[in-house]
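Shown here is one chain on its own, the form predicted on its own, set out as structure tokens.
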């Protein structure tokens, strides 16, 4: 007897995997099998393109979800690395949190709790190399004010470098878990209102510079306040756009 099929079947046949999906699967297998170990640096984008026999876009699209899942991490000026904690701790935490981060309000509250404190501790604990990495993301933002995709990458990396500068592995892991949501958040703010994108970018850069100045000065309270102001401003902008 054949099974009954719903008229409005919510399930759809799986389409053939994209090139980037195939790269994701291969990299995940290399990490799971131990060929790529925690802390290992991946080949450059150009080298990966040659090894996989694909274009740069496919490689970039493959790296994004792996970074969002916490399996890889990008380091400004250094490249992409297998996350130091990409195994048993990361996966259950990742899926537990991502399942609850469906609403905009949840993400705002989570970002606020984590990132304001990251800025606070970064001001007290940042090493010279941390400050240099954060400053490099600001330079990247400034050079890409009219290029939303590149600006978004440097913007997101600014926040992750601050998390790294806080010298708290647990805090960094938690922020890395919601990396994908943070990047989506930044991207939506720049792309949903293209006529305002450049204005948003200039405002965002100015606010990021204020955050960095406070961290560089070792003023933890000012760093936390500057990060709070930035998140609240970005929240107000996005809510106004998406009404």
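Rigid core: the largest C-alpha set superposing within 1.5 Å between the two forms. All values reported here derive from a predicted model rather than from experimental measurement. Residue numbers count along the first chain shown, from 1.
Omitted from view is the form predicted together with the DNA, to which the following refers.
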### Message
By the heavy atom within 4.5 Å rule, which residue out of 116, 167, 144, 80 makes contact with the DNA in the model of the complex?
### Response
80
### Summary
Heavy atom within 4.5 Å of the DNA in the model of the complex, from candidates 131, 76, 171, 107, belongs to 76
### Interface membership of residue 41, the DNA in the model of the complex, 4.5 Å heavy atom rule
yes
### 4.5 Å heavy atom contact, residue 218 to the DNA in the model of the complex
no
### Task
State yes or no: in the model of the complex, is some non-hydrogen atom of residue 18 no more than 4.5 angstroms from a non-hydrogen atom of the DNA?
yes
### Task
Mark residue 196 yes when one of its heavy atoms lies within 4.5 Å of a heavy atom of the DNA in the model of the complex, and no otherwise.
no
### Message
Quick check for you: of 46-54, 197-205, 210-218, 24-32, which stretch puts a non-hydrogen atom within 4.5 Å of the DNA in the model of the complex?
### Response
46-54
#### Entry: Rigid core superposition, residue 146 Cα moves 2 angstroms or more between the shown form and the other one
no
### Query
Is it true that residue 24 shifts between the shown form and the other one by 2 Å or more at the Cα, once the core is aligned?
yes
### Query
If you line up the core, does residue 216 shift 2 angstroms or more at its C-alpha between the shown form and the other one?
no
